[in-house]
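Below you'll find only one chain, the form predicted alone, shown as structure tokens.
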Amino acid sequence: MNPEHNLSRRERQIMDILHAQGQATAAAVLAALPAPPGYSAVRALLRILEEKGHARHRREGARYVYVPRTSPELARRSALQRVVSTFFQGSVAQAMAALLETADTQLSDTELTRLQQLIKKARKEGR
């Protein structure tokens, strides 16, 4: 099951901030949110994320510093699955094509070789 399946849009935004920054105070989260709610709403959402097991905090003086409980790798996969599901009707091929067809996409020979290896492996595994 997707560990972020039970998150609201705003909770996902906060988790994205925590993952991107590695850690953040409520004030830092507030500053990074698009169209942010009030400070107390951000604090409440951070508490909810803790209750759901997605974040934890440590105390630094008078403030709390929040960190994600999930690994960056798990967060990346979850975010990518949401994008593929939402914008590409679940088609990995359509998502990859969109990335590769973007004019500013620059891939090194090493990256191209890695993609070829992954495609070959997926074929071998029947995916």
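We number the residues from 1 along the sequence you see. Bear in mind the structure is a predicted one, so any value in this text is a computation, not a measurement.
What comes next is about the form predicted in complex with the DNA, which is not displayed.
This chain appears without its partner; in the predicted complex, the one residue of 72, 38, 53, 90 with a heavy atom within 4.5 Å of the DNA is 38. When contacts are defined as a non-hydrogen atom within 4.5 Å, none of 16, 77 and 81 contacts the DNA in the predicted complex. Interface membership of residue 29, defined by any non-hydrogen atom within 4.5 Å of the DNA in the predicted complex, is ruled out. Contact annotation: residue 48 falls within 4.5 Å of the DNA in the predicted complex, judged by heavy atom distances. The DNA is not shown here, and in the predicted complex it never comes within 4.5 Å of any heavy atom of residue 98. Though the partner is left out of this view, residue 67 does not reach within 4.5 Å of the DNA in the predicted complex, counting heavy atoms only. Counting a residue when any of its non-hydrogen atoms is within 4.5 Å of the DNA in the predicted complex, the hits in 57-78 run 59, 61, 62, 63, 64.
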